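First comes one chain, alone, set out as structure tokens in the form predicted on its own.
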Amino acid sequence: MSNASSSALSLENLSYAYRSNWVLKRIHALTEVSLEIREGEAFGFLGHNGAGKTTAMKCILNLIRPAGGKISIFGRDSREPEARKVVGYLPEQPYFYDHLNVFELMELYAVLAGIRRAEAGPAIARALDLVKVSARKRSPMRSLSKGLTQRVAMAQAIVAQPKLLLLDEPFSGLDPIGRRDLRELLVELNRNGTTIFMSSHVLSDVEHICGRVSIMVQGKIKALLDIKELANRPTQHFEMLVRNYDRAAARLKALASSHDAGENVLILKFEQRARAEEALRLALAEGASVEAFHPADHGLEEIFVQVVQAGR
């Protein structure tokens, strides 16, 4: 990934509010959200359902007007059409004219992106090839599955080779092969200099693609994390799986921070290394069969859950 320090996308104290149709109460969807996305990086914009991620993206694209704050794209005010010309966008729920075939739809988006008609054909062919739907270019949109439609949605987002990609739940509807293909494509685009700003609930893919992430809770940024630092953090949490544990069951459970019994197996979790090691010694001394003993997974998913639960 690029180490460039210039700003690709800047949000400064972004706020947005709306009124509920039911009680006419003013609801704050975004509250003074500030982020700086560096040129050439891949950034994960995370949050629970309703946290305000899609609202923020719509503000960036000038689809809705924020109540306050400033948005800049490569140093230009996002309200300027010229600023948004370098942006590709994949919405969470893309809608397409289903009477068009794939190529006709891509022609429409290529022209809207400012590509001259003489150059549209090669640009479309490249985009469809990257998302692996070239063979379906004459297929009507109405005939495509959700996964294929999502691939076409990605193709329209990259047809003009944008400098900045805004992706709202890009893995929606994709099967495991589709997820892998898209993950590899995003890594390659980012490696070649495209800045990526993506929202996704598929946190394992976010960890694979992104260098930094933010976590938003109820319209506010609650955490900003570096994925590399996250991967290198030491852990004190451990898990142990034992069988034939009857003689030591009570003492093992007392040492663990939590436990769960399955069919002839006891799964123990420990918050402290010392207690985990004491339980391991105890289990071995009492003749239990220790089938697994390892550090607990303290990846992005666990931190995400902790931040969201603490912020609500």
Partner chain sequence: MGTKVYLIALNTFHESVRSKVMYSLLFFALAMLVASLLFGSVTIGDRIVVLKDFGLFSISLFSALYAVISGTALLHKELSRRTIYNILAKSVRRWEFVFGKYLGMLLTTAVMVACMCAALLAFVYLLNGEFSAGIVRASLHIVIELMVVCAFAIFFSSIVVTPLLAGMLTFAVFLAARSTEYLMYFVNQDGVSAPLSAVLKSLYALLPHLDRVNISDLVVYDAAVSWSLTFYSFAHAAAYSGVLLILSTWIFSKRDFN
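Positions refer to the first chain, counted from 1. Because the structure is a prediction, the values reported are computed rather than measured.
Another form exists, predicted together with its partner chain; not displayed. Remarks below refer to it.
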The stretch from 203-211, 120-128, 190-198, 98-106 that lies within 4.5 Å of its partner chain in the predicted complex, judged by heavy atoms, is 98-106
Given that its partner chain is left out here, which of K85, K220, K146, H237 has a heavy atom within 4.5 Å of it in the predicted complex?
K85
Heavy atom within 4.5 Å of its partner chain in the predicted complex - the one residue of I71, L225, A113, L164 that qualifies:
A113
State yes or no: in the predicted complex, is some non-hydrogen atom of P176 no more than 4.5 angstroms from a non-hydrogen atom of its partner chain?
no
Check whether F304 has any heavy atom within 4.5 Å of a heavy atom of its partner chain in the predicted complex, and answer yes or no.
no
Examine N244 and determine whether its closest non-hydrogen atom to its partner chain in the predicted complex is within 4.5 angstroms.
no
Any of the heavy atoms of L63 lying within 4.5 Å of its partner chain in the predicted complex?
yes
